[in-house]
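Below are two forms of the same protein chain, given as structure tokens: structure 1, then structure 2.
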Structure 1
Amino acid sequence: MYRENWKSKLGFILAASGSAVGLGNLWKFPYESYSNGGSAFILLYLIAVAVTGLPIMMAEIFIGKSTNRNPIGAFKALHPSAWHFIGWLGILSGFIILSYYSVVGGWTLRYFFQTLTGAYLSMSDQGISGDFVSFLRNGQSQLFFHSFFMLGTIAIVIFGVRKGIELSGKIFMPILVILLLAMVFFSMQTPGFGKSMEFLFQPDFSKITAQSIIDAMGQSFFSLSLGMGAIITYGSYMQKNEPVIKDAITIVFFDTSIAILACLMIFPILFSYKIQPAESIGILFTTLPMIFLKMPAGIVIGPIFFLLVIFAAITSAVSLLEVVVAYFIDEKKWPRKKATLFLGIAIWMLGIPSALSNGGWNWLTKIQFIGNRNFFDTLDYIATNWMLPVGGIFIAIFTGWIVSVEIRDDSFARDHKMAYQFMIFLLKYITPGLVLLILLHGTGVI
């Protein structure tokens, strides 16, 4: 059967960056580093990216590129044994993550409309914070926007690899970078800039706990789209003669820079206007409308910026859905349209309780799951902090120890020999053990 592929080499890098750069960078990273004391968390995050993120990114590209299959098919093609359960774990993770990711994607839609219609023009800073909190309690409204966000995601995936995924990455990524840089430049002019730099770059190690180490590692998997086969799937549309390590470094560098830039945009505003985010998950959504009110041409830049956040979110959501859809196309021979619609609707349904978890269904609001978390936070906690890292451990072991060395050498033929050897060393001896250690430490086992 004909299988699609990227039109150009840049197509893969941009699409994979489109998958990586999303709400994880713009929404999650700033609020996680804010709640974990800033600098020390960022340092842990950077270590996780270098020691676990980069080698696993490379392993996933390799697995996809060498097989041209969806995650389950890829493991089956490389090793005829039970290893394809990693693919199943990935598909399950994609299903769960997209269900609540789309709810937050819906928030970005709402903020786009709010800024477009000038809803915040007459509000005080407290009013803007209060508006976020009341929106969070309004389940119906969240459900409404979640539905639209999911519809947009389904529409792009139906168009397929070249016309849907590749094209959207090529258009949105460059515009996002330019606008983000402009916003950072503006934030740098505000009085809180100096303080925010201290908060971001002078590590205070007393803030580090076992939980923050797990959070930083989980966040690195989430932000780089690793541990669930999204990059395997995108890698599977690559041409055989492309380098692996260079592409992996480019994507990891790009994603990490955007996460840091997002902090550089948001924290000076927090410190300048002494904002105490009522709910830290609202940092992105409360600081930005405030700054748009204060900056020149903010009325115009506001909606444009939220539009770009929507695009960043949608290009990531597309990769989550594509993992699930690719399996049904490759292995079950479903037509793309049927697979996308059927699975998209199923994921949308799983998103309903997340949309209503802070208000809407009272009984659900009252239930507390793991560690006092509501439904939404529980899904995020399990998927990000557990499923992705566990997937990552297996992907590393598989690439380091299990797969045929000839196939692996062949896939890395275009790469620098020493870099390749070093990456394999990490995948064999360092990455899986380290991830496991952090997980066990977090549960208190060691």
Structure 2
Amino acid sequence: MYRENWKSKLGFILAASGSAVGLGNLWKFPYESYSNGGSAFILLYLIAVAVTGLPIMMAEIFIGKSTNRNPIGAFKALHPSAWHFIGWLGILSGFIILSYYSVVGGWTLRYFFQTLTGAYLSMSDQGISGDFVSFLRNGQSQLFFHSFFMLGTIAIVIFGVRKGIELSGKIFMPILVILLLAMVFFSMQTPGFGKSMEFLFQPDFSKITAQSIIDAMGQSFFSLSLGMGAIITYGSYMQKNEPVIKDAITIVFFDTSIAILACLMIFPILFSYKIQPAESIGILFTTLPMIFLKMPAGIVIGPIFFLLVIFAAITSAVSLLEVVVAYFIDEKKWPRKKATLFLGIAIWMLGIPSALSNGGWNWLTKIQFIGNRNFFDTLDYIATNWMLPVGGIFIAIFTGWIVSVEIRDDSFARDHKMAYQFMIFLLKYITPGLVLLILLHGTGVI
């Protein structure tokens, strides 16, 4: 059966970068940086990326490229044993995460239209903030935008690797960068820009704590969309003669650059309007729309910002759906159209309870799951704090210790030998322990 590959190396880089660049880059990273001393945290993050994120990114590309198979098929091909459970974990993670990620993606669509039509121009600050709460409780509206976002994701994946995923990456990612640079330009006009530059480029190491170090490691792992099989799947469409480490570094550099640009966009707004950021992504839909209207050209800034967020969300969503679809195409021999439609609808259906967690089904809103969380937050907790770190740990161990050295050496033949040896050293002795710390912290053990 014919299996597609990337039309160009640029297509792979942009698609994989689109998978990595998501809502976490645009809000979570600025929040973590702001809360942990600005540039001091960013330096920690860069170190964490080098010893945690980059090695696993490299390992996932290697696993996919060396087999040209989906996550489950890749592990089976490299080592015919029970290790393919890692692939199952990645596919299940992608299925679960996309179900509620699509709900959040729907929020971005809704707020793009709200800001584009000027719906907030006549509202007070309290009215704008209350609008988000009302929207969350409106089950019909939640379902509509969840469905609309999922439909867009399905439409891209159904066209395949070259005409769907690669083409969308080549369109969306450059536009995303342009929009982000435009937002940085607008932020430069605010009175807090000078203070934000000091905060961003003058490290205050007194604010660094043990918690900051763990946060930096966690951010370096989650920001790159690792542990869920997306990079394995995208790597499986590569040509055999492509360098692994060089491409991994390029993707990590792109992802990190977007995160730092997001800080340049967000920090001046925080300092200008004396906002204390919250970890919850909800601030994107409550506080920021209020602030945009107070900024010069605010009626233009709002739609640009939410269009930027849409592009970041859709490129990540596409990679999550492709992880699941690729398995059924490779292993079950389903046609792409059938696999995409069937699995897209199944994921959409799992997302319905998440969309209605705050309103719509009264009985559902009263049910408390793990740690008194609602359905949406429970799925997020399980996937983020358990499934992804466990997947990352075993991917590192598998690549460092289990896979055939001959296969590994052959796949890395085009990479610098010392860089390759250093990455394998990290995967063997350093990276698994660091991701274990992320797991223990996320689950409340430490």
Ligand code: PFF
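Since this is a predicted model, take the numbers as computed values, not measurements. All residue numbers here follow the sequence of structure 1, with the first residue given the number 1. Only the largest set of C-alpha atoms that superpose within 1.5 Å between the two forms is called the rigid core.
Engineer: Where is the form predicted alone shown, in structure 1 or in structure 2?
Structural biologist: Structure 2, not 1.
Engineer: So with the core overlaid, does the Cα of T287 end up 2 Å or more away between structure 1 and structure 2?
Structural biologist: For T287, whose C-alpha is compared between structure 1 and structure 2 after core superposition, the shift is 2 Å or more.
Engineer: So, superposing on the core, is the move of I397 at the CA at least 2 angstroms between structure 1 and structure 2?
Structural biologist: False for I397: its C-alpha shift is below 2 Å.
Engineer: Does superposing the core leave F305 with a CA shift of 2 Å or more between structure 1 and structure 2?
Structural biologist: Shift at F305: 2 Å or more after core fit.
Engineer: How many Å does the Cα of S220 travel between structure 1 and structure 2 when the structures are matched on their rigid core?
Structural biologist: The shift comes out to 3.3 Å.
Engineer: Enter the rigid core superposed C-alpha shift of S35 between structure 1 and structure 2, rounded to one decimal in Å.
Structural biologist: After core superposition, the C-alpha of S35 moves 6.9 Å between structure 1 and structure 2.
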